Structure formats: structure tokens, C-alpha cells
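Next comes just one chain, in C-alpha cells: the form predicted alone.
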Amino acid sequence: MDWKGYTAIYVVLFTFATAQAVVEFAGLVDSAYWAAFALIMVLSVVKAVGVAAYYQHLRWEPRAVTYLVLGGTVAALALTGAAAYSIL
């Protein structure tokens, strides 16, 4: 991948990070907690997959490595969800 591809991925990641900040600063966390939580989690997963696929080159690795990273991501999401549930 050339620098234009990496720049495009960076812009997408920056946009999603900005959207997460807007969700938090817009007060959605206080008024609609579960909707804000779901939106932030979806954006986080998309960002994590983008980073893993392009910056860590998993897109070009054997599928077994991809599945290993996917399992770790699912475990992290489960722990995050459990932590969020325990806060309420």
C-alpha cells in the first residue's frame, strides 16, 4: 500500500474518533446511555479492524492470524461490555 492509501485510512480513523468525541460532548451519554454506548462501540470496532487490517498488515497475513486477533477483539469487547454493565 502506498502513502495515499495510508493517508485515506488515517482520515477515516480520524473521522470516526471525532464522531466518538461528538457523541460524548453532545450529551448523549447522559440522555441516551445505551444508544451512545452502542454507537461508540461500533465506531471502536470499525477503527480497530481498520488499524489491524491495514497498519498491522493483517489483510495480507494467513487467516489463522486474523482469527487470533479477532478472538482477542471479541474478548476485549466482552470485557468492556461487562464493565459498562457493572457501572449501571
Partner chain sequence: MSHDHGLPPKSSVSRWFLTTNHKDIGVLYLITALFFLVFGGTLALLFRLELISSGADLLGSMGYNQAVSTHGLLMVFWFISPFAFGFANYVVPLQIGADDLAFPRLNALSYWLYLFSGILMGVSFFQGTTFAGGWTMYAPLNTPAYIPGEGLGATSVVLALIMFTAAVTLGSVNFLTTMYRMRAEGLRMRDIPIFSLSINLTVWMMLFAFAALLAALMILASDHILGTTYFQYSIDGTTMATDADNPGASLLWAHLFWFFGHPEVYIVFFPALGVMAECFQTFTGRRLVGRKWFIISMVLVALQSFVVWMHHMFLTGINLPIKTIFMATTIGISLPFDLMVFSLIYTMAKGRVRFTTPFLFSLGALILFIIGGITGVFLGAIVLDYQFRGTYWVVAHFHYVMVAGATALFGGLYYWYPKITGKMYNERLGKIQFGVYFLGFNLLYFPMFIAWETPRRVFVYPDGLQIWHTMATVGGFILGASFLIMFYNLFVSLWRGEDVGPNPWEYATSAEWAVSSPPPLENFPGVPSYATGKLEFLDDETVVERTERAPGAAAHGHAATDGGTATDGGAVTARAATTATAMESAHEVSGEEHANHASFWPFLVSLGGFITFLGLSGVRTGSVFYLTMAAAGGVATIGSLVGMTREPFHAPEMAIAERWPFERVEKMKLGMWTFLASDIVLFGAFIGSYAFVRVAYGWTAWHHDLIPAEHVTMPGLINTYLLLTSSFLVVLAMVAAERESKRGTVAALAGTFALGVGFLINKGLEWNHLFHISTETFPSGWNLSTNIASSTFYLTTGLHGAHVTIGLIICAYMTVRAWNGAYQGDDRAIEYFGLYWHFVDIVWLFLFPLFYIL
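For clarity, every value in this text was computed on a predicted model and none was experimentally measured. Residue numbers count along the first chain shown, from 1. Definition used throughout: the rigid core is the maximal C-alpha set that superposes within 1.5 Å between two forms.
Heads up, the form predicted together with its partner chain isn't pictured, but that's what we're talking about next.
Gly27 falls outside the set of residues with a heavy atom inside 4.5 Å of its partner chain in the predicted bound form. With contact defined as any non-hydrogen atom lying within 4.5 angstroms of its partner chain in the predicted bound form, the contacting residues in 7-23 are Thr7, Tyr10, Leu13, Phe14, Ala17, Thr18, Gln20, Ala21, given in sequence order. When the rigid core is held fixed, the Cα atom of Leu70 travels 2 angstroms or more between this form and the one not shown. Core-aligned CA deviation for Leu79 between this form and the one not shown: 2 Å or greater.
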